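In the block that follows, a single chain appears as structure tokens, in the form predicted alone.
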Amino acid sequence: MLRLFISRLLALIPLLFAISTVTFFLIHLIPGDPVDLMLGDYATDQDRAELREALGFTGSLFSQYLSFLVNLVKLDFGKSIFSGVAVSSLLFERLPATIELSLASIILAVGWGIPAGVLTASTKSKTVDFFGTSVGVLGMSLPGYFLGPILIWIFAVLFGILPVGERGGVSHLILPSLSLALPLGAILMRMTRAAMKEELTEDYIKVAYSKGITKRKVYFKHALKNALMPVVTLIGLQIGMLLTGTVITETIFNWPGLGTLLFDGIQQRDYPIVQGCILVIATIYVLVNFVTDLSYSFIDPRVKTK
């Protein structure tokens, strides 16, 4: 187990290096010059040259890249081009809001997706199975930029029972987390249903029934445990989509997290902020998949021997 942990951990180093490299060069390919955005159309060439030197844009792209890597090792993401505030402080200020929204969305998605998948897989009622499958297909078909405004219109405008905008109490968290959790839960339900259907046809399930084990134990102790492998893999992959999906959701609901910070940084061509946000989101995604990879050994002990 320790050897598995160390090998997986060492594999993260080249991966994070590749992510940081691709991020740096892609950011510099974004159309638009932040110097022109800051100074406007009537600035002189001397003003532009002085600002470029102050921002560190005078050297070659490769020299800027080396400086970027050196600062990255020190966890120094630089300063915002427009506000002059350290990017690290902005990231630490916004990160808790994004983590709060992501955790609430995952809990809601797992809370309804997996039980619904087990129910639709184990029921003999065609009506329940059809209804559950229809809900799953509908949930998967609704993108966040469509679902978010619909939830706002129903619960905030039409009924006026939930607030919209800014970060506050639990009531402020419900709508944005629902807009992320409903599509994710639908995907989890479909995957759980398919995995459970397959497991319930295995011979060990018939043996369990022959021993007089109750249906509840057969479903949750035997079938669900073996069906969790693809579900856990899907959860790990969907967390990455969830983090990128918060960019749209946080913008719609004016949620003060990394998503809105990244969106504002892209609009302003604020390279340090965009780089910092992408690197943090990518690092979290890599770490989540690292934890997901290790969780396989607890779900299936045979993984430890591989």
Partner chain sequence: MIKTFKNPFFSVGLLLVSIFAIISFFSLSIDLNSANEINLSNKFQAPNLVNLFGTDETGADLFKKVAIGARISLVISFSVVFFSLIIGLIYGSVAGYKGGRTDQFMMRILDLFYAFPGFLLALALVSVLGPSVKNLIFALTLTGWTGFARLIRGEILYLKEKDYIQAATALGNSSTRIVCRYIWPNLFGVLLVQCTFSLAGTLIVESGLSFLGLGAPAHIPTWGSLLNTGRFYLVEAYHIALFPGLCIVFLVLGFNLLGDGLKQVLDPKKNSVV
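This structure is a prediction, so every number in the text was calculated from the model and none was measured. Numbering follows the first chain given and starts at 1.
Form predicted in complex with its partner chain: not shown, discussed below.
- Remark: residue 222 does not count among the residues lining its partner chain in the model of the complex, judged by a heavy atom distance of 4.5 Å or less.
- Taking non-hydrogen atoms only, residue 226 never approaches its partner chain to within 4.5 angstroms in the model of the complex.
- Interface residue remark: residue 141 is counted as part of the site for its partner chain in the model of the complex, having a heavy atom within 4.5 Å.
- Mapping the unseen interface onto this chain, residue 157 counts among the residues with a heavy atom inside 4.5 Å of its partner chain in the model of the complex.
- Look at 165 to 173, 204 to 212, 191 to 199, 69 to 77: in the model of the complex, residues with non-hydrogen atoms within 4.5 angstroms of its partner chain sit in 191 to 199.
- The candidate spot formed by 152, 269 and 278 lies fully in contact with its partner chain in the model of the complex, as each residue has a heavy atom within 4.5 Å of it.
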